[in-house]
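In C-alpha cells, the next block holds one chain alone, the form predicted on its own.
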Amino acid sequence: MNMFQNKKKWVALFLGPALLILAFVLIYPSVQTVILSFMDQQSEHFVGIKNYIYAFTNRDMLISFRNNLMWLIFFTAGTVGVGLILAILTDKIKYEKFAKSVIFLPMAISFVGAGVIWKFVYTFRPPGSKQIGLLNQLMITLGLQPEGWLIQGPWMNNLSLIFVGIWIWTGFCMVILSASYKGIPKDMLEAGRVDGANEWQVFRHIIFPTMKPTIAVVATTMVVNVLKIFDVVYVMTNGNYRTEVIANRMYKEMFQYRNFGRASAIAVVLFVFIIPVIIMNIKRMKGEES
C-alpha cells in the first residue's frame, strides 16, 4: 500500500508541473476565448449569440468560409497528390537525394518570406507598361497578355494563393510519403509486376493500400494547416479582392477593428471546424492499433 502511494506521489511530482503548464497555456485561454465570444466589442456586456450570428451571416465571413473550402479542397489534394507522385518518381532517379532537397527547399523559407517572393512573381502592371513580375514577363515573352493574378477573383486570385501554399508544403508531404513508400517490400512490388500488373495496377492494388495510413496522416495534417491558413494571405493580399480566409478575418476583427467579441467567436468557430478532423484521426489511430 505504501509503495502504491509512493508511486502516486512520484507520478504527481513529475506530471503535476506539466499539467499545470498545459492548463495555463492551453485550457485557460480556450475557456476564456469561449467566454469572450459571448461578450460585446469591449468584453464588458453579455450579448448572447450575437457574435456567432455575425460569423455565419456577414458577407465577408461567408466569403471567408467559401475561400477556406477552396483551400481545403485544392490545397489538400495538391500537396498530398503531388507529394505522393514525387515520392514515387524521385525513388526511381539516380540523383534522388539532390532532387528531394530541391523540392523540400521551400519549407526552409518562412511562410512570410515565401509570400513576399511570390507577390513579386505575380506583380501586375497594365498592358503596355514594363512588367516587373516574373510570371507576367514570361507571358509577354510568349506573346500573351499580362494577368492580374492576385486581383482577378474569386477563382484566379484564390487559386494563385493556393498554389503558393502547395509550393511550400509539397516537399514536406513528399518526404513523409517517401519514407512510407520505401517501407513497402520490394518483393511485393516485383511479384505484382511478374504476375502481369502494369505500373498503374501496381500503384492501385499494392502501393496505395499499403501507404493508405500514412496518406491519411499527411492529409489530416494538411487539413489542419489549411483551416488556419493565415501567413500567405495576409502578406500577399491581406484578404483584399475577395481572398479573405477565416484566420485573417479573425486577425482583422481583433487587431484592426478591436472587436474582441467577434474575434473570439470566429476563433471558436475555427476551433470547432478542426475538432472533427482530430476525432477522425484519433479513431483511425485506434483502429490501426486494434
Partner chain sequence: MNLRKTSSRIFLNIIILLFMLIWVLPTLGLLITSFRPEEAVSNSGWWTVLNNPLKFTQFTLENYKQVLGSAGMDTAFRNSFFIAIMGTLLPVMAAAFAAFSLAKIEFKGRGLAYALIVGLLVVPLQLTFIPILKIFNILGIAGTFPGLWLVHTGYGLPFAVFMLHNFFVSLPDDLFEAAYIDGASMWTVFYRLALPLSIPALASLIIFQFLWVWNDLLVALIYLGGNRSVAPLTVRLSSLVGSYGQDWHLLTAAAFVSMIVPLIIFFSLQRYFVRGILAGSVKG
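Throughout, rigid core stands for the largest set of C-alpha atoms superposing within 1.5 Å between the two forms. Residue numbers count along the first chain shown, from 1. Bear in mind that the values here come from a model prediction, so they are computed numbers and not experimental data.
Below, we refer to the form predicted together with its partner chain, which is not included among the displayed structures.
Taking its partner chain in the predicted bound form as the reference, which of L159, I73, M139, V121 has a non-hydrogen atom within 4.5 Å? Flagged contact: V121.
Report whether the minimum heavy atom distance between L84 and its partner chain in the predicted bound form is within 4.5 Å. Judged by the heavy-atom cut-off of 4.5 Å, L84 is well away from its partner chain in the predicted bound form.
Any of the heavy atoms of Q201 lying within 4.5 Å of its partner chain in the predicted bound form? No.
Does A197 reach its partner chain in the predicted bound form, with heavy atoms at most 4.5 Å apart? Flag for A197 set to no.
Considering only heavy atoms, tell me if V112 and its partner chain come within 4.5 Å of each other in the predicted bound form. So V112 counts as contacting its partner chain.
Neighbours of its partner chain in the predicted bound form among 144 to 166 [non-hydrogen atom within 4.5 angstroms]: If the 4.5 Å heavy-atom criterion is applied to its partner chain in the predicted bound form, 144 to 166 yields F163, I166.
Is there a C-alpha shift of 2 Å or more at S129 between this form and the one not shown once the rigid core is superposed? Superposed on the core, S129 moves its C-alpha 2 Å or more between this form and the one not shown.
If we fit on the core, is the Cα of Y241 displaced 2 Å or more between this form and the one not shown? Shift at Y241: below 2 Å after core fit.
Under a superposition restricted to the rigid core, does Y28 display a Cα displacement of 2 angstroms or more between this form and the one not shown? Comparing forms between this form and the one not shown, the Y28 CA shifts at least 2 Å.
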